[in-house]
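Single chain ahead, by itself, as C-alpha cells, in the form predicted on its own.
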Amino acid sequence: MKNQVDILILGAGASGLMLGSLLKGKDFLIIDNNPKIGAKILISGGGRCNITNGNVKPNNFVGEQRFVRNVIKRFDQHALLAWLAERELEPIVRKDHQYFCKSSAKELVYVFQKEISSRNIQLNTNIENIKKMGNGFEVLTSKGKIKAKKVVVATGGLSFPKLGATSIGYDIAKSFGHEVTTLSAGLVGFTVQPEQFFFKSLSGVATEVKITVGEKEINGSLLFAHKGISGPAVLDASLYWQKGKIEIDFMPTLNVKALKSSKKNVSNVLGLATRVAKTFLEKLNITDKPCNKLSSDEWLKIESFKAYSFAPAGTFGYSKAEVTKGGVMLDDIDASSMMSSKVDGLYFLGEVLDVTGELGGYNFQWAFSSAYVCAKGLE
C-alpha cells in the first residue's frame, strides 16, 4: 500500500475515476471502500449508464447557476463524447438526447481501467479520519495512514447505501469548516397519504402527466408503484419538492369541450390506460358511460384530475434514490479549480457538492465536468 502520495482521491466513482484518468504523469492514489471501481456506474441506467445528454444547460441542475455554468462550459457534453470516442467508446442515443453505453456500463468502467494503472487504485479501504498536517494531509484509513500533499473528496452522496455510500464526504467538509446544505433523497419516488392509497391498486401502470412543483413544470411519464408513484416525471419533481403540495395533470392532452358530445364511453377518450381511467372514475363515483350522457358536475369531477393536488407523505428514501440532493455549499469552492477556499489543497467534486442534475445523464456530466476542472486545477 502506498503510504505517501502527491494527490489522494477519495472515491472510485464517476468523478474520482475521471479525475484519475486525466492525471497523466501525476503521483496519485484513488481509494474506495468498495471491492471494485465504479460500483454505482455499473448499476445506473438499468446497467447501461446514461453517460450524458445532448442538451446540457445550467437550468437542468438544482444549484447555483453561475457556478454550474462555469464548470460545465469547460468540459461539456461535446468534449466528453469526443474524449470517449478517442478511447473507442461511442454511446448510443436513446430517450430524446440521452447517451447510453451500447451494451452495458462495463464499457465505461473498462475505459477507466485502461486509463488508470491498478497501482493507482486501492479498494476495500475505509476512510476513518483526515487531518491537515503542515503543507499536506494525513488520512487515517482501515489499512493505515496515507500522507498526501493534496486531497480530493469525490466520495459521492448517500444514495444506494448497499453500494457502500456513507456520509464521509460531508463529514470531511464539516470538519474543515465547510457548510453542508440539508441533505435529502433526490430523483426518487413519492410515498402517498391515505387519500391517495388508491394509486397502489394501479401498481405497474405508467401514464403521461404534467407535474407542477412550485413554479417548475415537468412533463413525462409517471409510474404507479406499490409504495406510491415513481417514473421519470416524478423523479425529476422530487428535486424541486421540499414539503407541501404538488399538482399533477393526469390528462395533459385532454380537451374536455371537444368530448362532451361524443357517444364513446368516457373511459375510452380520456387518454389514459383503461385500468387507470376506470379506477379514476370509480374514485369519482362516476359510471363509465357515453360522454354525452355525463352531467356538468360529472365533467367537473373528471377535470379535477387535470389539476390533482396533494401533499406527498415523503419519498422512497436513499435506498431507491438515484442521487443525494444538497451537499457542500458552493460559496467556499473555487469554480476554476474545485479547491476549497478555506483549506489549501483540499478539493471537492461530483455529487458531494450542492449541485444535483435532473434525470437524463446530467449528474454523470456534472461528475465528469467537475473532475476535468479539478484536473486542470491540479496541474
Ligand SMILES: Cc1cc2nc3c(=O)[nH]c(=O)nc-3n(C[C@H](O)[C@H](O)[C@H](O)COP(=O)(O)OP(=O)(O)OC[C@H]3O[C@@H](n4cnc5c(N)ncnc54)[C@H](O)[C@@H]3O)c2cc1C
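Note that residue numbering follows the sequence shown and begins at 1. None of these values were measured; they are calculated from a predicted model.
Omitted here: the form predicted together with this ligand. The next part is about that form.
- Only one of the listed residues (T315, N60, S340, S44) places a non-hydrogen atom within 4.5 angstroms of this ligand in the predicted bound form, and that residue is S44.
- This ligand in the predicted bound form comes within 4.5 Å of a heavy atom belonging to F160.
- Taking the partner from elsewhere, S238 is found to have every heavy atom lying beyond 4.5 Å of this ligand in the predicted bound form.
- Although the partner is absent here, G16 lies within 4.5 Å of this ligand in the predicted bound form, judged by heavy atoms.
- In the predicted bound form, this ligand sits beyond 4.5 Å of every heavy atom of L270.
- For the candidate spot formed by K40, V323 and Y362, every residue has a non-hydrogen atom within 4.5 angstroms of this ligand in the predicted bound form.
- Just one listed stretch, out of 224-232, 271-279, 150-158, 87-95, contacts this ligand in the predicted bound form at the 4.5 Å heavy atom level, and that stretch is 150-158.
- Heavy atoms closer than or equal to 4.5 Å to this ligand in the predicted bound form belong, across 164-179, to the residues G164, A165, T166, I168, ordered by sequence position.
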